[in-house]
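Just one chain is shown here, as structure tokens, and it is the form predicted on its own.
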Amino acid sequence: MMLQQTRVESVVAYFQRFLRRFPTLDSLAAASQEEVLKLWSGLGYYRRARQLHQASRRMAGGREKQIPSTYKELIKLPGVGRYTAGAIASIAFGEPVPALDGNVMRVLTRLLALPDDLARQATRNKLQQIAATLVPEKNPGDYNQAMMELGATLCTPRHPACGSCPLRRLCRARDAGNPEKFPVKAARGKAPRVKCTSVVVRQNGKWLLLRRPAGGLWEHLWEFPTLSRSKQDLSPAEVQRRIGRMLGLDAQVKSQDIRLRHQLTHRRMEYRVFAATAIRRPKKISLPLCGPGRYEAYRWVADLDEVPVAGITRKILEEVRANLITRRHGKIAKLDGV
């Protein structure tokens, strides 16, 4: 589940930490969603964590009280699609079914010089059928892992190592001299830009975080107070006024020229970041999200590891900490209280 849309090297540390905390199906099922999200924090695609948690509870509460051993039953679980079901069934249980991830699809489209658009479901269905005919009855898990590894290490998206590939004599794309042309993908439109202003508020050694509501981007994750902004940048005075009105927060906002970009699958987030020192704690929470909806709770934390946060929240704090100095009267000084 962690490997869906994520590279192995990005997953290893998360996997090891996750398994130390949740070594059994029952331990994962008994955990709170917030604890699961906290251990997933920074890995991205957080729906996977919620669905894995839901799946664990369904399995632990079922008649068998264990992980299903067949593709047919695995694919019924939340968050388990054809690739995940195929990988688990073949690698863990020896069922001869394909595991068609992005690497395997790239290998197959090049072997066949398949001209079909990979973005179309019909093309993926065709590849699924082709892959199913190739999986051997004996050691199907080894075969599937070999195909995935081939795509990850040799048959790469750019500059494939065709000379070292064990399938080079079978590859039509190599014979045609244009392996990088495959897989064919229709041109995507530009991802829309979402502009936000994020305010890193600190008081007495703790950071103010707000929790995003159910549904939408970063569901139930915590982040620094974040405002929508138009084409015009907000001034420190305007930011101070807005968070004061919306949070009941008396804070001194410091101007910092911190700008961050965060690329998501379907949108590009652009942040301007301010640091602030709170004089008193907020009386209410009515701050609208940078997007539809409103925050549902707030919390002061001494460390971001106390709650589940997205990777961009950690990135924002790192940038603020790296910019904690400003020139005043020709001298270098730390921003008060941050």
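For every residue, the number given is its place in the sequence shown, counted from 1. Computed from a predicted model, the values in this text were never measured in an experiment.
There is also a form predicted in complex with the DNA; it is not shown, and the following applies to it.
- For the three marked residues, Glu35, Arg57 and Gly62, no heavy atom of any sits within 4.5 Å of the DNA in the predicted complex.
- Among Pro157, Pro115, Gly177, Pro166, the residue placing a heavy atom within 4.5 Å of the DNA in the predicted complex is Pro157.
- With the partner removed from view, the residue among Arg245, Lys72, Lys138, Arg120 that has a non-hydrogen atom within 4.5 Å of the DNA in the predicted complex turns out to be Arg120.
- In summary, the region of this chain contacting the DNA in the predicted complex, judged by heavy atoms within 4.5 Å and restricted to 74-82, 235-243, 130-138, 203-211, corresponds to 74-82.
- Although the partner is absent here, His220 is not a contact residue: none of its heavy atoms lies within 4.5 angstroms of the DNA in the predicted complex.
- At the 4.5 Å threshold, heavy atoms of His53 stay clear of the DNA in the predicted complex, well away from it.
- Put simply, Gly293 is far from the DNA in the predicted complex: not one heavy atom of it is within 4.5 Å.
- By the criterion of a heavy atom within 4.5 Å, Lys254 is excluded from the residues contacting the DNA in the predicted complex.
- Counting a residue when any of its non-hydrogen atoms is within 4.5 Å of the DNA in the predicted complex, the hits in 1-21 run Leu3, Gln4, Gln5, Thr6, Arg7, Val8, Glu9.
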